[in-house]
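Just one chain is shown here, as structure tokens, and it is the form predicted alone.
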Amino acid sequence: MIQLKTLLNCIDNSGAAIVECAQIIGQKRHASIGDRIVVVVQKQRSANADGMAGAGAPKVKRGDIRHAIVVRTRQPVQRRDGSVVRFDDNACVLINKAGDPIGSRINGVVGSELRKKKWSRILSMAPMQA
């Protein structure tokens, strides 16, 4: 359950470390896994972390306003088969206006609810789905 002012970890190599939710796209009170949100970059990742040493300048910087997809939430999510999944943190992946991820890699697990919401590009970049 991601709402206004919620801090999320950014798990791609776009250059952002922590982002803050500024708006939920659509007429919703809160966002769940697979929902599109507008975020503000609060903390920038250092250039030598996550293999970005040869990348040069980061793709985003502190204060940038971007769109993102929620990929993990601390709020438990009930699945159709009756299982319940809950992650340790709230996390997102930054995307551009067209819906393509800004980063070229995703670090960490993403929820398989992204498949139902047609975010297969993010699923294919992730090392594991839960």
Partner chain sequence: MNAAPLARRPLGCLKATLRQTRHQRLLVRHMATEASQTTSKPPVQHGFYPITDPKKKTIRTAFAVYPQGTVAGVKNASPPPSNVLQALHEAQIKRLDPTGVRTAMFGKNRDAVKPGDVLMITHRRGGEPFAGVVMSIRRRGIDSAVLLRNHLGKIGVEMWFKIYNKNVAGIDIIKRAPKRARRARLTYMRQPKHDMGSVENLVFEWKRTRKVFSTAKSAAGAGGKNAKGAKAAKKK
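Numbering follows the first chain given and starts at 1. Because the structure is a prediction, the values reported are computed rather than measured.
Keep in mind the form predicted in complex with the partner chain is missing from the figure; the text below concerns it.
Participant: Can you work out whether A130 and the partner chain are in contact in the predicted complex, taking contact to mean some heavy atom pair no more than 4.5 Å apart?
Facilitator: Yes - in the predicted complex, heavy atoms of A130 and the partner chain come within 4.5 Å of each other.
Participant: My question is simply whether R86 lines the interface with the partner chain in the predicted complex - judged by any non-hydrogen atom within 4.5 Å.
Facilitator: Yes, R86 lies within 4.5 Å of the partner chain in the predicted complex.
Participant: Does G82 make contact with the partner chain in the predicted complex, using a 4.5 Å heavy atom cut-off?
Facilitator: Answer yes; at least one heavy atom of G82 falls within 4.5 Å of the partner chain in the predicted complex.
Participant: Using 4.5 Å between non-hydrogen atoms, is R72 touching the partner chain in the predicted complex?
Facilitator: Contact check for R72: yes, within 4.5 Å of the partner chain in the predicted complex.
Participant: Looking at A17, A22, V109, I25, which has any heavy atom no more than 4.5 Å from the partner chain in the predicted complex?
Facilitator: Checked against the cut-off, the match is V109.
Participant: Looking at 59-67, 29-37, 74-82, 96-104, which stretch has residues with any non-hydrogen atom within 4.5 Å of the partner chain in the predicted complex?
Facilitator: Correct option: 74-82.
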